[in-house]
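Let's start with one chain on its own, the form predicted alone, as structure tokens.
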Amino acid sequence: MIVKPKIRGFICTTAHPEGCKALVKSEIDYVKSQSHAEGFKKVLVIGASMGYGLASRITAAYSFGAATLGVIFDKPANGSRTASAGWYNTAAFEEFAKADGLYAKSVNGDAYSQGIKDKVIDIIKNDLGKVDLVVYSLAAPRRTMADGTVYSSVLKTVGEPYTNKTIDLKNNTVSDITVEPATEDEIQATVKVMGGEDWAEWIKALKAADAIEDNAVTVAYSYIGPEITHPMYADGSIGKAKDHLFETAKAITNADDGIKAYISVNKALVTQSSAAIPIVPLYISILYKVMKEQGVHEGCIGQMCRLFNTKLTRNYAETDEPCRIRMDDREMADNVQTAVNTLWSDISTENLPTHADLEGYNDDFYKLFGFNVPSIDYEKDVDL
């Protein structure tokens, strides 16, 4: 079947198996080319099929030779419908890892559920004994509780409406958008989905089963960003969830059982999650232009390779607070933000091509789903 991208809203409903495989291979090759610290050896990645989670898994495997167990929630191909990009990414990673003599298994299902936790713990106990690193990288829109209650997250402000510039990526126009505030119920639901409650439950379950090392490390991912995005992110409904994640990290560490928990504050990148947030895609496209011009741009794999080889190793963590690692240091540098703010204040539909890296943004978006890979012939039939 010939596979082309089909865009609906801020997601692509198709994925290209060969494109995904080529991108996974390129990330593996990147990690192999870097210098490596002494690192973790038995790694659980919760949310392992795309973005920072996938990059964390690749880094652990190819920086440290780690055995990796990934939790994903992805769909296989069905008739003429392609599998999800995460499915193809995971299949490719396992193929490459096993060919290179590395342990790699994945569990496909709802990471919030007790059943998946139990299944993962059984594999750890049988295959690995105990893990020494747990990466928590879930970015889910909803969470179903044991009693059937479903909580859905929202991307809204808190307190007051917020108006600022945004971009319509369908026709490349800049306009103003007003985002209404979340209700208290919506805020609490967002915290339930994207806060630290499930992360803490994973650590509790692993400890109860004696499936995690006494001096293990666990890390979850967050974002802060500049003032431009604060009403939509750091101070918005998702920010309240990330505040809860931060408090959870401190609680895990303060449990006094030797396990250390950290929040890695990462750089803004094109992901399925960030593409859905009003205002943020326009900011990212300007940020890309500035950081590329200054030679400091990093993608997911560059961020995670730098994180686990320089800022969060087996016996060392570089933090600005008890549990916060600033991987956004290059994004938030004064010279970068000054340049971004100058372009932001002047940007319009007319000067969009010179003020923002739309080509880079769109290229990264399509590559999330295995498209825009130069080595792939997209007119060729592929096996879904």
Ligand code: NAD
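Quick note: we count residues from 1 along the sequence shown, nothing fancier. Owing to the predicted nature of the structure, the values given are computational and were not obtained by experimental measurement.
Just so you know, the form predicted in complex with the ligand exists too; it's not on screen, but the next bit is about it.
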property: Option touching the ligand, based on a heavy atom within 4.5 Å in the predicted complex, out of N164, T313, T253, S273; result: S273
property: The single option of T82, T218, S222, T248 touching the ligand in the predicted complex, heavy atom within 4.5 Å; result: S222
property: Heavy atom contact within 4.5 Å of the ligand in the predicted complex, the stretch among 165 to 173, 203 to 211, 152 to 160, 135 to 143; result: 135 to 143
property: Contact test in the predicted complex: K117 vs the ligand, heavy atoms, 4.5 Å; result: no
property: The ligand contact at G109 in the predicted complex, heavy atom, 4.5 Å; result: yes
property: Distance check, K267 to the ligand in the predicted complex, heavy atom within 4.5 Å; result: yes
property: The ligand contact at K242 in the predicted complex, heavy atom, 4.5 Å; result: yes
property: Contacts with the ligand in the predicted complex - residues in 1 to 40 whose heavy atoms fall within 4.5 Å; result: none
